[in-house]
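Only one chain is included here, represented as structure tokens and corresponding to the form predicted on its own.
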Amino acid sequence: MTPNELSIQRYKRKAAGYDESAQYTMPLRQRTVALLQLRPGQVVLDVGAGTGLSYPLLREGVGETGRVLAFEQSPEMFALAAARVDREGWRNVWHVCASAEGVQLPEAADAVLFNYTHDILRSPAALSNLMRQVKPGARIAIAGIKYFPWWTGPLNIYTWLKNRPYNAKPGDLWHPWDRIEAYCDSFQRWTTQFGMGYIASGVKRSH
């Protein structure tokens, strides 16, 4: 089973209760979106958008003249996102059920949100496909989980167990931001959740 297939299988079981569980990290989601410094009229990409919980925050940033682009590879999660868009009547949201490695965007993005998208951040093929469709100078913001410092020892067993139900690569948590950092200038990172999480931001390099 490929990592993508494993992830789809896991989120099939998580989809129904995802919105309720995600409320615990909503303040981090809001803080991460704020790092994008969105302006009316911009185009923002929501990577691995899940059930579309970030759509209202992103729409608020880009306004009615802007556009939210998004993709999600889990059919069950995407169905909930599609229902949300239909229910709200949002006309400036374009989204598709597709993988990060294969998605083709209708236009280049001015900003990119990676909210708890660990497997995508660890996939060179996914990042290569996404970053070629992002404008030079685009703001990038990330929230995710990471290991505690090495000297905490057994605490990281908890981190691994916490990550495993959601991601295909639950052990690759020492520096989960390093591959996206390679695409960025002005990269900054802050520790969250008492050391088990992080948020980060940067600007896509022009070359």
Ligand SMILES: C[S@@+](CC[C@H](N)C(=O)[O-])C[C@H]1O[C@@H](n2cnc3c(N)ncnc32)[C@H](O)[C@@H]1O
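We number the residues from 1 along the sequence you see. A quick note: this is a predicted structure, and the numbers were derived from the prediction, not measured.
What follows is about the form predicted together with the named molecule, which we do not show.
- Of the residues given (93, 134, 127, 77), 77 alone sits with a heavy atom within 4.5 Å of the named molecule in the model of the complex.
- Shown without its partner, this chain lists 183, 187, 198, 18 as candidates; in the model of the complex, only 18 has a non-hydrogen atom within 4.5 angstroms of the named molecule.
- When contacts are judged by a 4.5 Å heavy atom cut-off, residue 108 does not count as touching the named molecule in the model of the complex.
- For the chain shown alone, residue 53 is a contact residue for the named molecule in the model of the complex, at least one non-hydrogen atom being within 4.5 angstroms.
- Taking non-hydrogen atoms only, residue 59 never approaches the named molecule to within 4.5 angstroms in the model of the complex.
- Taking non-hydrogen atoms only, residue 29 approaches the named molecule to within 4.5 angstroms in the model of the complex.
- Relative to the named molecule in the model of the complex, residues 4, 7 and 115 are all within 4.5 Å by at least one heavy atom.
- Per the 4.5 Å heavy atom criterion, the named molecule in the model of the complex is contacted by stretch 44-52, the sole one of 134-142, 44-52, 175-183, 59-67.
- The partner is not shown here, but in the model of the complex the stretch 87-110 reaches within 4.5 angstroms of the named molecule through a heavy atom at 98, 99, 100, 101.
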